[in-house]
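Okay, so here's just one chain, in structure tokens, the form predicted alone.
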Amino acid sequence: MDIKKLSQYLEDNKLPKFRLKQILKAVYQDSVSSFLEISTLAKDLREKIDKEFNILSFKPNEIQSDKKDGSQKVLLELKDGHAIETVLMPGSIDKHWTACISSQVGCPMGCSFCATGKIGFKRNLNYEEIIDQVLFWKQYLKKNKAEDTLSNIVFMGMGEPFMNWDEVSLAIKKLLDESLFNFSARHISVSTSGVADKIKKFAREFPQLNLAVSLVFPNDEERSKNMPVNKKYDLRELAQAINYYLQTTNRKIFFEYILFDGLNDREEDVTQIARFIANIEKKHLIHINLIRYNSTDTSFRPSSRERAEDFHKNLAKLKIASTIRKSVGGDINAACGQLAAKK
């Protein structure tokens, strides 16, 4: 919903300012799907606004559901014909959900193992298209699971959030705004492939949000080969940015480490991870999320469960905290790295 245009419309029609507050509350907190549902407005005003404005900036397609874990994915058709995907995932607490949202159409980073990267970069999303994904899932839960709550937001969908920072940062401010979504900063996470200069900016602007960094390969050769971001921000520069982040925020940082069979799941890779972490000062604030590769149309294969367990144990021997993360949404191509916005 375009708040500026709505505000101007109300002003042009000489309506009191509190009307805007009523509408914002109804849309962003009460999760109405239509202006016609806002009972605090007169019927004729509701009908006029409903004709002039749309609450969502895209057209949702049919929702796909993963029967194994309950996660859900929807394809959203944007006004210019492009499409994105967003995912609703079950949270760690019953009846609490997490929305995984996209920040770009496609992705410019070109990681060799990611389905979104195969699309290439089409365009950035504006802040309205970003927050409307959250709004869509709030509306969905209200209609279908009235007792459930959307508790967490993760910028881990399509795109590199730090390459669309102006719009993403504005979207985050809207999500935190008490008069709009009123999310807690501790319940919002942003993931990056390793854009070092923006990690520093993120630390200054949003010190209470969670940060996840896709490490994936613990040496520059393999990382540059499969993650082009490393050619600009190598592991040394990434470590420097992380040191700045930890000094500024004193918050835990999460490394996402995707496990590929025979490529980065060996004992020597554990040693290289330890070597990388040796360059980071506040090591007690580091946690590694181990994720067995979610297959896409590539030659990569996921590590076995046994190899993942061994990798986890070997990290523990070096006193490096890690967790083997359970991926969700695999049956509907909604897991990490699988979003491709196919109609």
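Note that the structure is a prediction, hence the values are computed from the model and not measured. Don't overthink the numbering: it's just position in the shown sequence, from 1.
Although it is not shown, the form predicted in complex with S-adenosyl-L-homocysteine (SAH) is what the next lines describe.
For S-adenosyl-L-homocysteine (SAH) in the predicted complex, the listed stretch (46-54, 28-36, 311-319, 291-299) containing residues with heavy atoms inside 4.5 Å is 291-299. Taking C114, L238, A99, L125 one by one, only a single residue has any non-hydrogen atom within 4.5 Å of S-adenosyl-L-homocysteine (SAH) in the predicted complex, and it is C114. Of the residues given (I258, I199, V87, I273), I258 alone sits with a heavy atom within 4.5 Å of S-adenosyl-L-homocysteine (SAH) in the predicted complex. Looking at E160, you'd find a heavy atom of it within 4.5 angstroms of S-adenosyl-L-homocysteine (SAH) in the predicted complex. Using a 4.5 angstroms limit between non-hydrogen atoms, F155 touches S-adenosyl-L-homocysteine (SAH) in the predicted complex. At the 4.5 Å threshold, heavy atoms of T192 reach S-adenosyl-L-homocysteine (SAH) in the predicted complex. S-adenosyl-L-homocysteine (SAH) is not shown here, but in the predicted complex it comes within 4.5 Å of a heavy atom of S214.
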